[in-house]
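Given next, in structure tokens, is a single chain: the form predicted alone.
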């Protein structure tokens, strides 16, 4: 059985993905968290992992019942918590506990760029984050203890949220389905399904969340990628303009010139064309969030300190994103010979163009996290890829592993 039970990935995508919830009993049999709740709290205190504590106070509805505190935390933040009704959450857990990448691996029938992060929530008895909706798909895996999940499946549910608090908690919640999840059980929820998870005793839940960029986020990121260029600092000019008949008029000629400034500036960018926009997306979707990569020391890189060693094996950090696009350059599409087809490989927002003969090797590189000396030998013959590989080693995204030391 897979984590989807007796449902195939194809059936899941056709019938459940972004459509309806799914509960799988025993999806992760014999699963044990690699840390205790105390060790999880220590991770929040000793690292910069993004985390939150949410406390539900026993107050009348009109009072401020929900309190949220964000990292960084101290030991006192945990020792002063009440006995019940609180939850502690850490995002990007795969960066800090790499072995938990095993929880993400079963879902890679969905492309890597769609996977956002692994979050864990530890809750004291009756702890929760309140009834709410999310804008993304999520697989909720019960790792310790029990949590009761309640959801609303009808579309006409009351959507008002509690005012004047930092959390988007639904003011009314009348569930029509519920399940009690025990260790190893899993609940899949599509976007925007109202849900409410309440711990029955202390419990720990792992969440594999999926990335769903909004139109605003994509457009803003794309514009920011080129708007810092010097040409965008050029100001409007109107030498030789005619005298205005009225001070308040915005003339058609002015609108035409200002509009042309906007349109011409965008159209001049490589990413404006549909095909080249794909190359920008390849960079954007593989960029590493946060400060995980070390600042690049160019002098050390040029000194050969990070030179590829063909006698050792290499490992990729779980947070380092790889991706590729096949034949996405318009100039290469004029002829259909294999010599003119290319693979565009992306790693942490960096782009390398490679001949199509490397396709299977690139696919292996993207699928795996551990690379034998032999699996890299062909790719490293390409100068551009060799430079990118050594740069990623210098930044800490890849590292050499001596025989017998694989994680």
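This one's a predicted model, so the numbers in the text were calculated from it and none came from an experiment. Numbering follows the first chain given and starts at 1.
Beyond what is shown, the protein has a form predicted together with ligand SIN; the following relates to that form.
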4.5 Å heavy atom contact, residue 119 and ligand SIN in the predicted bound form
yes
Wondering, does residue 132 line up within 4.5 Å of ligand SIN in the predicted bound form on heavy atoms?
yes
Give a yes/no on whether residue 280 approaches ligand SIN to within 4.5 Å in the predicted bound form, heavy atoms considered.
no
Using a 4.5 Å heavy atom cut-off, state whether residue 207 contacts ligand SIN in the predicted bound form.
yes
Contact with ligand SIN in the predicted bound form, heavy atom within 4.5 Å, among 325, 162, 89, 152 goes to 89
Among 195, 321, 316, 85, which has at least one heavy atom within 4.5 Å of ligand SIN in the predicted bound form?
195
Among 234 to 242, 260 to 268, 140 to 148, 173 to 181, the stretch whose residues bring a heavy atom within 4.5 Å of ligand SIN in the predicted bound form is 140 to 148
